[in-house]
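Shown here is one chain on its own, the form predicted alone, set out as structure tokens.
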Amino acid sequence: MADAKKSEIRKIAASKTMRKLMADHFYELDRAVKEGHPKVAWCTSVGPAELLRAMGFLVYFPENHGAMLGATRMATETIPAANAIGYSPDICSYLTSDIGAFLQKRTPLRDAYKGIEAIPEPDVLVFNTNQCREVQDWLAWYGRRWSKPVLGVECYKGVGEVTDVHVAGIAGQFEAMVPALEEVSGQKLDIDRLRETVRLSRECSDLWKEVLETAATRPSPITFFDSTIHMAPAVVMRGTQTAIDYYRELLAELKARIDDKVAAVEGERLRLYWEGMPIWGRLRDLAMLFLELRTCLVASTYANSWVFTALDGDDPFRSMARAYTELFIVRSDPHKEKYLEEMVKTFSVDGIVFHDSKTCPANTNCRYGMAQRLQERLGVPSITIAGDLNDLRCYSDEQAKTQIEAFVEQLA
């Protein structure tokens, strides 16, 4: 019985609050569609959500729905429907699982929230290609389906230092959206409201960063698997006081854990870094495996993707442009390696787990020798797990388990 107790995932009390916040978020969107007010905007997860909120839109994030499809494993059944209409099995499985679910008239929202039957139909769809080109194609499909306007930002790729030229280019594209958004929303942009929304978003970002940095403590009070869940308000509610209040609550709980030396992984002996997308359909299985190995995944590039320290309410358009161009996925390999080196040192990492995500090459960084270069320079070993964010046909439970157990044994 003692061993079984050690293998229990330590629950975070703030999870109860977060579940209510997410329910409120989806019910509000559902009501807006049924009542015709407020207007609903779809936005890619690292798109200009602040601008949309400031113009009175409720904001829905399709990647959040994609992650839900993955976590509930519904994606495995819905992906083939998108493949059947011409979308390759090799492109983003968020996209294919989401479009496939729409074609099949399915959504995990129906099971999670009584009374919600479908995803919210948008009045406008807004993308930023800083993540990948798929988000543009994804929203364009729905735009054609519903005959709704699709607006977007074409971002730079392989950026080293983010310069004023980069910032001006993206800020100009944000500003160019405003007239079209005003036409859809029926109201003029209030620049003071935008400044306040950006300020709230920055405060949310700073708190989320502080939450993640609690894992630098030994033992860590939080794991990568916890962060994939608790990042939700930073994604779908940034720019709101609600997200700020939530992260204050979560941060207080984690600080109390640190004071009481409460470990997320009992008997923590090793600390690893997760690089790449989560494997949504296997989060709990992997969390249990690492827990039993007394190994804590203390940090990840993925969870840190919603830390936007450049946001500044006094200069909303340019600071949004800088923040959304400084994103890890946008940057050059030398910059990414420098960033990972800093993370390894900050979190006292013993090894790195690279996830080679089949359908997400944009957020897979182990295909061009980066892992080997980091090991040579830092002396930090790594393994590469083959898988995917949503398509579990690309992932082998047995192979991954064998790799991870062998890696941990070697480190130990």
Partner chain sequence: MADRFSLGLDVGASAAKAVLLEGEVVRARSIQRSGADFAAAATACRDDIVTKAGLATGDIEHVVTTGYGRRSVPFATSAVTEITCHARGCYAGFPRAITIVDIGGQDNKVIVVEASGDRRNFKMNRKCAAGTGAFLEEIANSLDTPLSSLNGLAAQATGDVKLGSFCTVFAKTELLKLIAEGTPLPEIVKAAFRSVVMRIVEMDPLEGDIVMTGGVVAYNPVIVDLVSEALGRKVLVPDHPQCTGALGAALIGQDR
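Keep in mind it's a predicted model, so treat the numbers as computed, not measured. Residue numbers count along the first chain shown, from 1.
The following text describes the form predicted in complex with the partner chain, which does not appear among the structures shown.
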Check: Even though the partner chain is not shown here, does Ser15 get within 4.5 Å of it in the predicted complex, heavy atoms only?
Finding: no
Check: Would Ala386 show up as a contact with the partner chain in the predicted complex if we use heavy atoms at 4.5 Å?
Finding: yes
Note to self: Contact with the partner chain in the predicted complex for Met22, defined as at least one heavy atom pair within 4.5 Å: yes or no?
What the structure shows: no
Notebook entry, point to check: Should Glu8 be classed as touching the partner chain in the predicted complex when contacts are defined as heavy atoms within 4.5 Å?
Noted result: no
Checklist line | Heavy atom contact within 4.5 Å of the partner chain in the predicted complex, the stretch among 35-43, 66-74, 369-377, 345-353 | finding: 369-377
Next item on the list: Look at the candidate spot formed by Asp245, Leu251 and Asp259 and say whether the partner chain comes within 4.5 Å of a heavy atom in all three of them in the predicted complex.
Entry: no
Next item on the list: Counting only non-hydrogen atoms and a 4.5 Å cut-off, give the residues of 279-302 close to the partner chain in the predicted complex.
Entry: none
